[in-house]
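Before any questions on binding or motion, here is one chain by itself as structure tokens, the form predicted on its own.
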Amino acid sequence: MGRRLYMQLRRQMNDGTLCAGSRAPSTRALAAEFGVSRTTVTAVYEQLAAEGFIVTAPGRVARVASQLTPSAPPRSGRRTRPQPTLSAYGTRVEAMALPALSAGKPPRIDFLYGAVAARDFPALPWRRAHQAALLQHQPRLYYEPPVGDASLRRALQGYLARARGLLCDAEQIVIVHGSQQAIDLCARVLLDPGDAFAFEDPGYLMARRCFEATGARLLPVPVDDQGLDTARLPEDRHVRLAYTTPSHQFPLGAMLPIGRRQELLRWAARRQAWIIEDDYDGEFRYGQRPIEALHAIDTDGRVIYIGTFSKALSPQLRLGYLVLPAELVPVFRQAKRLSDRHAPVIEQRALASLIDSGAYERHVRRVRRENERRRSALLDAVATHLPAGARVVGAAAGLHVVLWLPMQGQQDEAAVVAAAREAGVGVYALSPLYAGPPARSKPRQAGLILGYASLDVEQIRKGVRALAAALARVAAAP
């Protein structure tokens, strides 16, 4: 009843029944009319007074606030809403084509790259570490430093030296919400409208969009079977950074050889540009130890290293990190603080405990073996079931491959994806990852990205058989 009384008085003030400056009904009269106690009416008046609708004072009658104006009656016909006024950044973001977010029921067998198997997550070690961090005594609950929890940064310092050959100080590490936030921070801190950036073509679309959103100009650099073609790096005087995935080029999977790595570092020193090294799945290399990071041979402090736990643990954790040149640490700390203060602290401490105990590296070795089995099943299934000429690249490392289909042209990718989807199989076209249309003189064959880390061996085999049937239907179509 109190809520009904409150809403009725609000409506009467809005429509002018109780006009501005007029006396409000007495609490006694309202109590009698609604059949409630005066205490209920008094509580309603106190709420209205707190919100500024009425003015009360001891010994005086309550009055409707004099600043209130009645709401305009609704107009007949279709209402037109005003267009939002956006910043230049907002306008650029609004116009961007981004990958569609997953909606509805996923395919029965989904070769979604970036997804990992839920059963691979180390649930028991994580639960123990998380519970210990949760029960750890804290004198108070307050914001932590924006760079991240000190225990995780110290643990990462040792882990990166062991696993990636990367030597750094813990103060150079900033913990972020996954590699996407790391890329966004780099874009905001390092690029202005009118600047230019070098970018792998094809490459990671969400990173390219982050850089483009700043108003900087894209300078695509082709990728071949050895990764970024460093001989074609731009000498544009406006170029400020280059983005690269040297340990496992996304999406084509090449490893940047030492000669090109050195050439890239010389280019950065000559142009006074930064190199953003995105090591998104560097732990997963098969048949040999993981390749050392580009950062490990950087003697001039030009490389910004980005790492993530999305592939080894879970993308749902949203934990990643930056390893920064010393001179960039203060400004990135400030930018991170303005962005979101810090990443979740309990999860950071639990992860630090897993790394310090060795459980994380044991988990990575186990998952690497599992993914090697999945990769082998995928390669065998492609060789057995797909038409002659189908070719897989990028299988030496990572959690996805690119499947080239010379029997189909680039223009057929959408039809292949749709036919596979009808068969309950999710595959993904390569074309959106290119910065622009291919040259007409060099028509490109169809390409698909196949992620395998979230599937089991039998699902992979069934999925490739279904893909083969989908390809046959597309080939037979007029």
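Residue positions are given as counts along the sequence shown, with the first one as 1. Between two forms, the rigid core is defined as the largest C-alpha subset superposing within 1.5 Å. Computed from a predicted structure; not experimentally measured.
The same protein also has a form predicted in complex with another copy of the chain, omitted here; what follows describes it.
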### residue 357, heavy atom within 4.5 angstroms of another copy of the chain in the model of the complex
no
### Query
Does the 4.5 Å heavy atom contact test between residue 10 and another copy of the chain in the model of the complex come out positive?
yes
### Message
Residue-level contact is defined here as any heavy atom of the residue lying within 4.5 Å of another copy of the chain in the model of the complex; does residue 189 satisfy this criterion?
### Response
yes
### Task
Examine residue 347 and determine whether its closest non-hydrogen atom to another copy of the chain in the model of the complex is within 4.5 angstroms.
yes
### Task
Find the only residue in 377, 223, 291, 352 having a heavy atom within 4.5 Å of another copy of the chain in the model of the complex.
291
### Query
Within 4.5 Å of another copy of the chain in the model of the complex, heavy atoms considered, which of 210, 382, 397, 252?
210
#### Entry: Proximity to another copy of the chain in the model of the complex (heavy atom, within 4.5 Å), stretch among 361-369, 382-390, 179-187, 150-158
179-187
### Task
Could you list which residues of 106-138 come within 4.5 Å of another copy of the chain in the model of the complex, counting heavy atoms only?
106, 110, 112, 113, 114, 115, 116, 117, 118, 121, 123, 126, 127, 130, 131, 134, 135, 138
### Core-aligned CA displacement of residue 450 at least 2 Å between the shown form and the other one
no
### Message
Given a core-based superposition, decide whether the C-alpha of residue 13 shifts by 2 Å or more between the shown form and the other one.
### Response
yes
